[in-house]
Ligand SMILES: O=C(O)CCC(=O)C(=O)O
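The form predicted on its own is given below as one chain in structure tokens.
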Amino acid sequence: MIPATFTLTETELAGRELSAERLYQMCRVLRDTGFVVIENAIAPELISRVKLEHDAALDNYMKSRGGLAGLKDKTFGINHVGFFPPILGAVAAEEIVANPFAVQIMQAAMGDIRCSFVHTNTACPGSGYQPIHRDTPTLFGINNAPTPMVHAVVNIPLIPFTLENGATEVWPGTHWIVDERDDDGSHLEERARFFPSQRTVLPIGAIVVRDLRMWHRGVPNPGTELRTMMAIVYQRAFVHEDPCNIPQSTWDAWSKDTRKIFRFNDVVPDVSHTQRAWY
């Protein structure tokens, strides 16, 4: 088990709310290490539905671009595919895009939050190592004291993450590093040799809340099954992010609390819904 792991109690699951003490503990772990794991935050049945719908959409996307051969030299790491799934159906379930336990942690850590980035990362069979990287630079650049967390990502595995299928590698504590130039690639590869890393081995139903500044990378997937994790990015509400568009049926199904998190996005008729694409 990853040291930064919690298991929800029956009371927390029934009430969809963390106790004040548990919320404090989780926020402390997130602040100290850069990530926190909750193992049983989402029902496995919902994950199965998300995977079915996501994989069909990803297959259509990849076919439209010539498959992995067509995406060669465009993906971030060999056979690592970034994809924006339609915000519809199970993918758009509130337990996914605004998981109550993740939201409580992020609101406690960052205050008012917003979201306009619903994304997945898939390590296809035969994938290689990604470069070690941050997903966002430090807020004020280099040579400054580190700030509290401004961006967070919620990662949700769609299959169990194991050492055998390419569980993501992370470097705990590196979200606090702002004392060197803020580039990636060989610079971070060289520095990371002096830091211990962990692999995020996760069961179905787990979520990871991670500071976006934390060093990490996708690793090879030598198996035969797609290894996909959702990557939903949130930030403090004052930080600008280009809006995405939300299908009207999805918006209508959401509670007012979820709508508040997505309030900076455009709501469009379902037939007009389009998602971003990297390529």
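Residues carry their position along the shown sequence, with the first being 1. Since the structure is predicted, the reported quantities are computational estimates derived from the model, not experimental observations.
In what follows, reference is made to the form predicted together with this ligand, a form of this protein that is not presented.
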Original post:
Judged by heavy atoms and a 4.5 Å cut-off, are Thr174, Ala192 and Arg213 together in contact with this ligand in the model of the complex?
Top reply: no
**OP:** Only one of Thr162, Thr138, Asn121, Gln198 comes within 4.5 Å of this ligand in the model of the complex by heavy atoms, so just point that one out.
**Re:** Asn121
**OP:** Using heavy atoms only and a 4.5 Å cut-off, determine which of Ile246, Ala41, Met229, Val37 is in contact with this ligand in the model of the complex.
**Re:** Met229
Original post:
Closest heavy atom of Gln130 to this ligand in the model of the complex, within 4.5 Å or not?
Top reply: yes
Original post:
Is Asn99 a contact residue for this ligand in the model of the complex, using a 4.5 Å heavy atom cut-off?
Top reply: no
Original post:
Counting only non-hydrogen atoms, which stretch in 232-240, 215-223, 45-53, 60-68 is within 4.5 Å of this ligand in the model of the complex?
Top reply: 215-223
Original post:
Which residues in 62-76 have a heavy atom within 4.5 Å of this ligand in the model of the complex?
Top reply: Phe76
